[in-house]
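A single chain, nothing else alongside it, follows as structure tokens in the form predicted alone.
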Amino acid sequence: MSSKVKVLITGASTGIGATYAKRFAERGHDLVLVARSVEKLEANAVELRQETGVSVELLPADLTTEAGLLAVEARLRDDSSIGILVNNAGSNVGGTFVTQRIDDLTKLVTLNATSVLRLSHAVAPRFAEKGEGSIINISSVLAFAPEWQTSVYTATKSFVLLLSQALQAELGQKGVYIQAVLPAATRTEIWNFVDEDKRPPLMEVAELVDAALVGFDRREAVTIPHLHEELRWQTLETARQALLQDTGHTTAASRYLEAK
């Protein structure tokens, strides 16, 4: 049993989630791993226990279902040893908005956005009362790219980014840390929706997670591992704040006034 806080990770069977599990185990944290695939979770757990000696518990759950969400919410509320939540579970749907099935899109929103909201809400009161705790939310650089024709996926990732920033503003002053991680093209299963000859150059998952954990240790609110020029993000944030400051007028802008 580790003396460090326990980490609950969703989407922990492969890719980014599995790599977060490995890295936190290497840091000496006990784990609760959440995913639909029991076989993959069990294989990961065996390996992590053998390599690191930490406790690894499995919580099989489908976060597109009410039962799955309720099970993980209950664990987050009731297990006071969990001090870090990694909201990594996510997916995409092939096709375009007019060809995608609404049932598939509804599940996508539930997994990518609703689960982040509900699991964060389940654990945040306990973290705030205790004055410590961390939530890592995996967003995407597509949160900035509405023109890239991944409409619903992009919208869910924008939600995750803005929710993370809002929670950091609200809960940061209470000792709770929220990090939004925005990967760009990374070698995960989500690229199975794209023909191999159409895929861009991909960052390896280990490099992404290692960079994100550097941001975590530095307590960055937003971490974009693929972005080399940090000034670009800072400029965007400055422009956003300036835009907000220019919306406090009580009269409409002149461009909307009819010529007289």
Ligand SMILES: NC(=O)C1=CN([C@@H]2O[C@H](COP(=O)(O)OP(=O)(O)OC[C@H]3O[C@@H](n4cnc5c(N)ncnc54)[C@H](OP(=O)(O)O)[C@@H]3O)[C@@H](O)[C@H]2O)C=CC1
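What you are looking at is a predicted structure, and each value in this text was computed from that prediction instead of being measured. Residue indices: 1-based, along the sequence shown.
One more form of this protein exists, namely the form predicted together with this ligand; it is left out here, but the text below deals with it.
Though the partner is left out of this view, Gly133 does not reach within 4.5 Å of this ligand in the predicted complex, counting heavy atoms only. Taking the partner from the other structure, this ligand in the predicted complex has no heavy atom within 4.5 Å of any heavy atom of His29. For Gln179, no non-hydrogen atom is located within 4.5 Å of this ligand in the predicted complex, even though that partner is not displayed. Remark: Ala21 does not count among the residues lining this ligand in the predicted complex, judged by a heavy atom distance of 4.5 Å or less. Taking a 4.5 Å heavy atom cutoff to this ligand in the predicted complex, the contact residue among Gln165, Thr188, Thr114, Ser120 is Thr188. The stretch in contact with this ligand in the predicted complex, judged by heavy atoms within 4.5 Å, is 151-159, chosen from 124-132, 97-105, 165-173, 151-159. Looking at 57-75, the residues that come within 4.5 Å of this ligand in the predicted complex, counting any heavy atom, are Ala61, Asp62, Leu63, Thr64.
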